[in-house]
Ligand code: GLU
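A single chain comes next, written as structure tokens; it is the form predicted alone.
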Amino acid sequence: MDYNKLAELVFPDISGTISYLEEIFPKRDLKECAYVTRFAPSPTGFMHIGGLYAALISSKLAKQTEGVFYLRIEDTDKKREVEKGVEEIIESLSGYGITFDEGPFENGDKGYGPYKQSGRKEIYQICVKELMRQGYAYPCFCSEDQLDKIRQTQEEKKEAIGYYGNYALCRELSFEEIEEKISLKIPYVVRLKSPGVAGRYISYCDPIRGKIEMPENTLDLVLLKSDGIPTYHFAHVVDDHFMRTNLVVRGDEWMASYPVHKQLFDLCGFKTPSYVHISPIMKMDGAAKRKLSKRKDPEAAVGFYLQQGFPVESIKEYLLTIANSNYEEWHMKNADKTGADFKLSFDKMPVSGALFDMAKLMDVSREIIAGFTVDECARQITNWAEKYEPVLYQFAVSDEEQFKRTISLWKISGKKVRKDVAKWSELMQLFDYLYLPQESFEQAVVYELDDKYTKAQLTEAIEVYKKDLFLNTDNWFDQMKKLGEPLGYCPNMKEYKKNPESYKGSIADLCSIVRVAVTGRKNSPDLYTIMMILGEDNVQKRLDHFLLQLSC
């Protein structure tokens, strides 16, 4: 077979060479230890939390070595592509503070583009033509029916499934046979003519998992589909070489593909980058672990966390605890630093599935929010509420200082920082009495007082309190004691505990009655401050509403 002649027959319009591509995509001028990493998703749907995890690791590894982190869009499967899928990817990651040095966006091409695979068709065909010249690629005219029969025969004989050896029907076609089929316009793909030998193994050293041995690839995989577009396996090899990627971070489900990719790099004469196979993010399902599912688990989508109002700092902080087992210990010793200062190391990455624990995320997020200033909380809540919680947003922008006072109320207790809030969506659950309009709150009040209080007792307490709210005094609690004592509420807790039967209740009971009437809660931050924030008019309305409910 004259392979040069075959290459010209199959690719008559391709005149470029690999040498030419090496010139226009030169080696990057970086330090020897610098990583060039990439995030290479397909624009086929929402961003998975596992994608964010991989992007975070790739980004940090590049930045901590003064390398390059770029975005490549693998959009060769046009049937599955969604409208504005690329914009969704960029927006999702930028929402978590992950940005790219290069990519398919304005001012993103630094000489290694196009960064969308759909724009790199000629580059792939140049490389396939060169493989064909060397005798490592050939056109395959097998129909779907023929491939189905091959698969069926292999299943019946319990042999490995695939196009290889004697099952590779088009591998040994003569030039004349190929020329005739092309002249008849019979559709064809271009396959790899694998030089792999069954039973022969290759060795690979994964930075996380150590040395791994795998069978050499023997399959004649498709390199170019019938439309001239490459398959994933071939496209990523070509792209990673000419974009000068030297470190690929990907899920461990791709580990089985390493022999294929290694073989393709070698046959093309390219240097194989290092591959790091990270563990997938798992969740507990009963007593067993399983991967987070796009179909079953809302928390699989990165948009879920933005919608719930988790600060991006919380998500990144939590993912770092998954990425490196020593992160929490480092953070405790370096409380004045952030995750941006932490350097990832391969030997601390998990080998088995990383368990995603929502309770742990909530704890991490409470700590993060506790460390925010009131101004930072106000900024983040307002930005989040504008998109997801219009009632809260309206409150926040109508009076910024009043809004900050509410934040101080639930965030700080005396000199102690409270850790009640893990995500901004909890604000309307925990503190609706602060943020809901009066008419909406009245419909939402839930009374939780103990059965020990009679309707008459509750009515009497509220009616007396309503006459003089004394909200303009710094001695509200002392005034409450004076008001409660004639009603039978002991002003001294020690005395009340000695003789509880002598009173209707303690001063704490009276305050609890007022608290539930005003907030609908048995527990809340400082009641006096709440009433000052609400204002006398709203407090009176809530007391009236409480009395109305008692009379029903």
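Don't overthink the numbering: it's just position in the shown sequence, from 1. The model shown is predicted, which means the values in this text are computed figures rather than measured ones.
The same protein also has a form predicted in complex with the ligand, omitted here; what follows describes it.
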Open or blocked? Place the ligand on this chain by superposing the surrounding C-alphas onto its site in the model of the complex, and call it blocked when 3 or more ligand atoms come within 2.4 Å of backbone or C-beta atoms.
open
The stretch from 328-336, 122-130, 172-180, 247-255 that lies within 4.5 Å of the ligand in the model of the complex, judged by heavy atoms, is 247-255
Spell out, yes or no, whether the shortest heavy atom distance between residue 74 and the ligand in the model of the complex is within 4.5 Å.
yes
Are any of the heavy atoms in residue 41 no more than 4.5 Å from a heavy atom of the ligand in the model of the complex?
yes
Quick one: does residue 232 come within 4.5 Å of the ligand in the model of the complex, counting heavy atoms only?
yes
